[in-house]
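What follows is a single chain, given as structure tokens, in the form predicted alone.
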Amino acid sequence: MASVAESEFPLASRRRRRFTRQRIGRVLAPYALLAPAATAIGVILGYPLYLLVKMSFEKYGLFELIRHKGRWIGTANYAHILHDGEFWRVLARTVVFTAVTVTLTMVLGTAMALLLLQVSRWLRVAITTGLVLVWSVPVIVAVDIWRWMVDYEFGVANWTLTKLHIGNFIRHDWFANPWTGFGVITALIVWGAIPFITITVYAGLAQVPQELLEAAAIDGAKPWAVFREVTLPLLMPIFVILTSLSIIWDFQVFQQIWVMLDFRPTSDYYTMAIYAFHQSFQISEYGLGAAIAVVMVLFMFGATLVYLRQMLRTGEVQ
């Protein structure tokens, strides 16, 4: 019957087959375009991640490193770190450190973005240029600059604070106390992260319809109420994405702490990244280090899920 119908209506049959091929092509085209990148990511990232997970279930010390073969011990590494008081102290320190840095970054970055809306065009260009310059400074260079600023003997910050009569900071060691030490490290990380937050939030603020802001002001709303009730809901997708990215970046901070403390931080300055490095390369317990790294990956995966979910929501709304 199908052959008879096709012989009687050849043009309609050809159109139907062409439409079917085009429809299949439209469905498969995105996957075909993504396949090379997905394959490269799978090979470059997937295989090392597999080795990391595999090593986390093995006893892998110097002896195993020489033999290039670990000894399977199941979940013993995870049981060890979960029953280790230092692991929980480091985890709590990392969570608090991440919460403080992300909060300060988001608040100060948003405040600077709102400031850019109020200043003149030339001042806005000057501030934006300064932010871009800060953003472009390599991490190692930024750490060296901050180390010089708070140096024990020649720190310009110590000299300035002393001259302003805020206190006697001559030969003051900021890192003798972990609270002040982490204060300096937090300031460094926030300083480096503010430009990205400010520029992104400012781009979002520039897209907020002015008539909504004017209507709220006419109704008698104060500036803070306008921001809370009108601007913030419109920019919520941007804030969620920026917060998720900041959590991912700040939770795995390593270079700033490692270099700032002269490549030998004490246990009071351990975050999850430094703790994993310490276990792996300083005491040669590579299996334990891998288990800690896997826990970090799980935390990052949770933050990434929030980020991807918000991205999908944004795409559906658009």
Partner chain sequence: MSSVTQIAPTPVAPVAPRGRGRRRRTRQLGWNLLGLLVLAVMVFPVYWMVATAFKPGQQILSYTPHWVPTNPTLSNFRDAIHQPFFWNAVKNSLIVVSAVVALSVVLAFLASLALAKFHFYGRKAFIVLILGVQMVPLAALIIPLYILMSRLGQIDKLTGVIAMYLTFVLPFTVWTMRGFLLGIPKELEEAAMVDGATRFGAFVRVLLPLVGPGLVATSIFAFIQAWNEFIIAYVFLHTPAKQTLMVWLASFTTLRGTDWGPLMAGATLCALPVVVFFLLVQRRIAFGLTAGAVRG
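Residue numbers count along the first chain shown, from 1. This one's a predicted model, so the numbers in the text were calculated from it and none came from an experiment. Only the largest set of C-alpha atoms that superpose within 1.5 Å between the two forms is called the rigid core.
Another form exists, predicted together with its partner chain; not displayed. Remarks below refer to it.
K.L.:
Heavy atom within 4.5 Å of its partner chain in the predicted complex: which of A79, L232, L212, A126 fits that? Just give me the one.
P.N.:
Only one option qualifies, and that one is A126.
K.L.:
By the heavy atom within 4.5 Å rule, which residue out of I73, V156, V95, V107 makes contact with its partner chain in the predicted complex?
P.N.:
Only one option qualifies, and that one is V156.
K.L.:
Can you work out whether L308 and its partner chain are in contact in the predicted complex, taking contact to mean some heavy atom pair no more than 4.5 Å apart?
P.N.:
So L308 counts as contacting its partner chain.
K.L.:
Whether F57 contacts its partner chain in the predicted complex should be assessed with a 4.5 Å heavy atom distance threshold; does it?
P.N.:
No, no contact at 4.5 Å.
K.L.:
Would you classify D144 as touching its partner chain in the predicted complex, given a 4.5 Å non-hydrogen atom cut-off?
P.N.:
D144: contacts its partner chain in the predicted complex.
K.L.:
Does G183 make contact with its partner chain in the predicted complex, using a 4.5 Å heavy atom cut-off?
P.N.:
G183: no, not in contact with its partner chain in the predicted complex.
K.L.:
Which of 194-202, 84-92, 98-106, 175-183 has heavy atoms within 4.5 Å of its partner chain in the predicted complex?
P.N.:
Only one stretch passes the 4.5 Å heavy-atom test: 194-202.
K.L.:
Determine the residues of 230-267 with a heavy atom within 4.5 Å of its partner chain in the predicted complex and present them in sequence order; the list may be empty.
P.N.:
Heavy-atom contacts to its partner chain in the predicted complex: L235, P237, I238, I241, L242, L245, I248, W249, Q252, F254, Q255, W258, V259, D262, F263.
K.L.:
Could you tell me whether the Cα atom of Q255 shifts by at least 2 Å between the shown form and the other one after core superposition?
P.N.:
Where the cores coincide, Q255 shows only a C-alpha shift between the shown form and the other one that is less than 2 Å.
K.L.:
Using a superposition on the rigid core, decide whether the Cα position of L45 changes by 2 angstroms or more between the shown form and the other one.
P.N.:
After core superposition, the C-alpha of L45 moves less than 2 Å between the shown form and the other one.
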